[in-house]
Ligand SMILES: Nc1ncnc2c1ncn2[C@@H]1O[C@H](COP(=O)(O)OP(=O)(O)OP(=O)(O)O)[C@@H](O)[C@H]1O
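Okay, so here's just one chain, in C-alpha cells, the form predicted alone.
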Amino acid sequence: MTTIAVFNQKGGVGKTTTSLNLIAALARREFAPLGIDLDPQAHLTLASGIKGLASSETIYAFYAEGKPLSHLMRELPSGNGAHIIPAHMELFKIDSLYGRNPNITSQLKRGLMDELLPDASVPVIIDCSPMLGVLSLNAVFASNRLLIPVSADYLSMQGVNRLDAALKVLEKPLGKPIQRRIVMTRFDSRRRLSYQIYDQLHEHYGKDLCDTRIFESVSLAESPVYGKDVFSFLPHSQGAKDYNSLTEELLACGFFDPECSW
C-alpha cells in the first residue's frame, strides 16, 4: 500500500480538491482507495457529502480515545468503492493536548501499520492541515510520498519553497529522502503569470513537477457544494479531464508504487 500526503503550508491552493478528486479517480480505476481527513476544518469530509458527525465518529477519536482506524472508516456516499476516515473540528485540540508527547508524530503510521497496511492494494490519500504541526507531521511520517499542490500565484510559489526547505530538515529524523511531486493548480491560461510561475517551478524542481496542470474550473469550485467529486458532478468537464490526466501521470511514473523510485 502507498500512503500519499497531500500537503502545502499555504491555504487555498486546491489541497482538498486534489485529495477529493484523486481519491475519486483511483476509485474509478477500481483501486478502492481510503481517504483520511486530517484537517480540523474537515473540508474533505464535507466535500464528500458527510455532515453532522460526532467527534467520536472521526479521526479525532483515534488520537483522543485510541479508537481503531478500522472502526472509523465509512464508505463514501458516492458509492464509488472508496472509503474515508472523516475529520472533526475537535482536531484543533491535538497540538495542545499531545504536542509534547515524543511518540505522537508516529501515531498514525503505527495505526496504519497495525490495521490497514497488510492490504497492499489499497492506496491511502491523506488531506493535511495547512500547518506544519502535529497532524501534518503524522501525515508526513506515515506517508511514502507527498503531493504538493501549488496554485498559480506568487505567494503560493514562495510557500512551496519554504515547505521544500522544511521537508529537507525532516528527512534527517526520518532517515530517508521524502519523495514528492508538485502539481500546479488553479492555472488560468488567460494570465501570463500562470505560465511564468509554471516555468519557474519547472526550472527549480525539474522532474518533481507534474506535467499535468489543473486549470481554473467552475466544476471544481461547485462540486463540493453538492458533496460530490468532479467525476460525479460533471464527468465531462475540464476539471474531470485534468484530474484524470493527473492520475494517469502519477500511475505511469510509479507514484503509487512504494517500491518505485524515480
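Residues carry their position along the shown sequence, with the first being 1. As the structure is a prediction and not an experimental result, all values here were calculated from the model.
What comes next is about the form predicted in complex with this ligand, which does not appear here.
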Would Thr17, Arg186 and Ser217 all count as contacting this ligand in the predicted bound form, using a 4.5 Å heavy atom cut-off? yes
Is Pro224 one of the residues lying within 4.5 Å of this ligand in the predicted bound form, judged by heavy atom distances? yes
Does Gln41 make contact with this ligand in the predicted bound form, using a 4.5 Å heavy atom cut-off? yes
Is there any non-hydrogen atom of Gly12 lying within 4.5 Å of this ligand in the predicted bound form? yes
Does Pro130 make contact with this ligand in the predicted bound form, using a 4.5 Å heavy atom cut-off? yes
Within 4.5 Å, heavy atoms only, one stretch in 66-74, 48-56, 208-216, 189-197 touches this ligand in the predicted bound form. Which? 208-216
